[in-house]
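What follows is a pair of forms of the same protein chain, given separately as structure tokens and numbered structure 1 and structure 2.
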Structure 1
Amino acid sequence: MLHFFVRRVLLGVLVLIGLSVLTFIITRVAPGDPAALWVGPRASVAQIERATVTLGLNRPLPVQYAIYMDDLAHGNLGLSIETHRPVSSEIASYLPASLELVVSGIVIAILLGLPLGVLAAMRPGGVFDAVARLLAVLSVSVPTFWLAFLLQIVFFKDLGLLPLAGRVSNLVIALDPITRITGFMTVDSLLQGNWVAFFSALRHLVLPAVTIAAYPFGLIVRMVRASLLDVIALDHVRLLRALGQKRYTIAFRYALKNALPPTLTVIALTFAYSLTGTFLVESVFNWPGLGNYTAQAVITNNYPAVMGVTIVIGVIYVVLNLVVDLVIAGIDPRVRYV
């Protein structure tokens, strides 16, 4: 197990190095003048030249990369070209909002998709299986922005049950403000015993979280169903049925364990993808998260911010995959020798 862990860590480090090289080159050769953006509008040629030297853009590309990696090793992600603030502090201010949204969406997808996929696999070809597959295809295929608008129309405009946008209501901001601890408003309000703010944050979280949950929900249903059908056809599962074990006991207690590894991998990949793929959702629901920050950085050619977000998401991706690999290796020891 230790050898397996070391191999996975080294592979993750190589992935991060390759990611940093690729992103660094792309951000440097992209059209635009970061030095002019750094100085601001109506800058003189002399000011732009000084900014070019200050930012190190006059040095050869390999030297720039070496300097960046040295700073990165000391926890320095550089300064934002647009705001002149440390990129690390900006990411730290935007990341919790996206994490709260994505974690909530993934939890919803797992709680709904896992049992639905199991139940669909229990009676393949039946009515329930057909409905489950249809829901899975629709949830994966529907455009995210369209689903977001639809939920707003139904639950805000027509039913008046849930708020339109934002993380909390303006009344809560004015009368019951939440002191930032973790950046998760639902968690921070609970820690402070601020129940008014908690329920406001929870109500604002529902619609964007459900929108985020749609895509992973469909993947989980289809993956669990397909994996479970393969496992159910194995000899040891057929033996359990011959011994008189109930169908659902076999599925949830024995077969699901062997069907989980590919599903866990899909969940980890979807989680990492969703962190920066939430731009449309955050735009529709006015959610101040990392997706909006990343999109703005790309538009303005703010290469330190783009690099910082890429590295942070890459680290999250590698860590999640490492955790999933360890969990899968614990479930199925054969994986350790692959």
Structure 2
Amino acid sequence: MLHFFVRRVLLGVLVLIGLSVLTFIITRVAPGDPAALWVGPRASVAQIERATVTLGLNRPLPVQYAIYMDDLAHGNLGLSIETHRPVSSEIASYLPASLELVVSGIVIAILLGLPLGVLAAMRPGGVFDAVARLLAVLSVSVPTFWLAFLLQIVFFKDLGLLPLAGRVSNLVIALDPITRITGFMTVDSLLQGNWVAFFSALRHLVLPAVTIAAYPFGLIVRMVRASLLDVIALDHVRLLRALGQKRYTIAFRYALKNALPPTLTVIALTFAYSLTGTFLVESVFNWPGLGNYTAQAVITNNYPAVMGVTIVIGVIYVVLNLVVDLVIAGIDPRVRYV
């Protein structure tokens, strides 16, 4: 088990080192003069020259690389070309919003997708199966922005049930502000016993989270259904059936655990993907998350920000995979010896 863990960690570190080298090369090779971007569109030649020195762009490339790696090792992702603030602190400010959104989305997807996938697999060709397959196809293929607009029209415009956009109402921001602890507004407001803010944050979270949930939901339904169908045909499942065990017990308590590893891998993948892929959702719902930040960074050629996001997503991806590997090892004792 320890051996297994150490190997996975080393592999992750290797992936991250590769990623950091790649990001360095891309920053230096990419077109556009970072110094010119740094000083803005109205800068004088002298200002650009000064920026070149400030940013260390006049030094030899190997020296720049050494500085870059040293900074990275200290968690320093450089300065944003747009705002001149540390990219790390900006990401720290934007990331929790995305995490809150994506985590809620994935949780919704799991809570709905997992049981539906199981029910579908229990009676292939049955009603649940038909519904599940239809929903899975719809939720995977429906364009995100379309779904987002649809939800807004129905729940904001027509029914007036849920807010249009934002993370929390402006009144809460002005009068019942949430002190930042975790950066998850729902969690922070709860921790402070600030109910007004909590319900506002929760109401704001629903529509974007449901939008985010659509794609992973479809994937999860299909993954669970497919892997469960494989598992259900196995002898050990049939044996339990032949010995009178109840269908639901077999499906949810036994077979699901066998079907979980491939599903978990998919969930981990969608999670990392969703973190940057949330741009459309974040933009429609005006959610100040990493997707918005990245889009803005790309538009403004803000290389340090783009690369910072890349590294952070890389770390999240590696950590997530490690966690999934560990969970799978926890589920399946045979893996631990691999």
Partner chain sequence: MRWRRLAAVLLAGAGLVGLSACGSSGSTGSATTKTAVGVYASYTQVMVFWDPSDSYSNEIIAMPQMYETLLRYDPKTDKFLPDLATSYSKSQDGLTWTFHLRHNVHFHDGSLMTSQNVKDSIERTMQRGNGAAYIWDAVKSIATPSKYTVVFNLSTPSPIDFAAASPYAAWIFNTAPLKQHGQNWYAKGHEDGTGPYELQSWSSGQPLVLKAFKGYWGGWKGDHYTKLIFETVGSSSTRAQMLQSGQLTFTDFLPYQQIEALKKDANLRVTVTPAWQNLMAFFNTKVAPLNNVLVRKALSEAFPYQEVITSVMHGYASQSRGPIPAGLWGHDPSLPQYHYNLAGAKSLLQQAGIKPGSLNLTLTYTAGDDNESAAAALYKASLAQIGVNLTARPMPWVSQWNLAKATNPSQRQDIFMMYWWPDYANPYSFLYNLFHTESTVNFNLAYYYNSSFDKLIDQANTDSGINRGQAVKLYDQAQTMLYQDAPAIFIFDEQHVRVIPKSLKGYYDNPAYTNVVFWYDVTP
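Structure 1's sequence is the ruler for residue numbers, which start at 1. Everything numeric here is computed off the predicted structure, so don't read it as measured data. We call the rigid core whatever largest set of C-alpha positions still superposes within 1.5 Å between the two forms.
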property	result
Number of the structure representing the form predicted on its own	1
Large Cα shift (2 Å or above) at Val312 between structures 1 and 2, core-fitted	no
Core-aligned CA displacement of Leu269 at least 2 Å between structures 1 and 2	no
Core-aligned C-alpha movement of Ser44 between structures 1 and 2, 2 Å or more	yes
Core superposition result - C-alpha of Leu61, shift between structures 1 and 2, Å	4.5
Displacement in Å of the C-alpha of Val21 between structures 1 and 2, rigid core kept as reference	2.4
